[in-house]
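Encoded as structure tokens, the following chain is the form predicted alone, with no partner shown.
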């Protein structure tokens, strides 16, 4: 389906719409141009506070770790003990509430220079297993209702340290995006007696035009309702709710998909491609959640090249999301790049 005129597309996961304007893809660009990231980083940086044996910004020393490494964020956005310093509201328009939680940092490996697509499959599997264990441990704590696993890759996405790492923020209340997805998936399940994402993946595999990679357990695709230019959705094929529920075979399958997606990203403009990625697991609220399907979102900002990014401003901030290139064109471009990482070719 190649629509060339302006139209809206509905996101059944969030209940929101996105404006698609394919005719604007060729407009001239005289706006901001981003700096490209350095092509080569050292395997070890003595000044990096995430490398092994180095002192962190908070004063703690990192061990001489050899696989993934987890520690509590030295500058956490959430704290385990909720201190209610918010005054009792006397008006419904001025409401605040205390929030508590924990924030972890997960270094992928001791290597300062190897991002996810440059790691071997066993190392990626180790990262996935670490995410599964750490988020599961956090969600077993009585006051935690949700654990968000995410990675901000690249300075353009606000990453403060180039050493490849991710974070897990766990909190006592379910965050906004999960509330939206929970509502949409619950309503769909009640109506269709089948999980929304299980049906969606099945339909995308029939159409193929937005599918990037697929194996027996996971599919990666540019979603029909994508907002970001090269946005990718990775979904499980069965209604698994949490990373901890994946079998060893499924972890290997997910690692394969992650390597394929991130390699395609890097090969698109032959740079270390920036993005924000995160897993959406079911809430830890004691409910069975038969409607939920484990999935991950990749939100990359680059639009035309390594130096031109998509900005969510103006109309996007005040009205609704808008994109120029269609998801079908984005999927075709990602499928067309080589499957060997550009740093490893030739």
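Remember, predicted model here, so these are calculated numbers, not experimental data. Positions refer to the first chain, counted from 1.
What comes next is about the form predicted in complex with 5,6-dihydrouridine-5'-monophosphate, which does not appear here.
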{"property": "Contact at 241, 284 and 287 by 5,6-dihydrouridine-5'-monophosphate in the model of the complex, all three, heavy atom at most 4.5 Å", "result": "no"}
{"property": "Residue among 235, 260, 152, 267 with a heavy atom within 4.5 Å of 5,6-dihydrouridine-5'-monophosphate in the model of the complex", "result": "152"}
{"property": "Listed residue that, although 5,6-dihydrouridine-5'-monophosphate is not shown, lies within 4.5 Å of it in the model of the complex (heavy atoms), from 63, 42, 58, 314", "result": "58"}
{"property": "5,6-dihydrouridine-5'-monophosphate contact at residue 159 in the model of the complex, heavy atom, 4.5 Å", "result": "yes"}
{"property": "Residue 143, heavy atom within 4.5 angstroms of 5,6-dihydrouridine-5'-monophosphate in the model of the complex", "result": "no"}
{"property": "Contact flag, residue 105 vs 5,6-dihydrouridine-5'-monophosphate in the model of the complex, heavy atom cut 4.5 Å", "result": "yes"}
{"property": "Contact test in the model of the complex: residue 256 vs 5,6-dihydrouridine-5'-monophosphate, heavy atoms, 4.5 Å", "result": "no"}
{"property": "Region of this chain that lies against 5,6-dihydrouridine-5'-monophosphate in the model of the complex, out of 212 to 220, 184 to 192, 116 to 124, 159 to 167 [heavy atom, 4.5 Å]", "result": "159 to 167"}
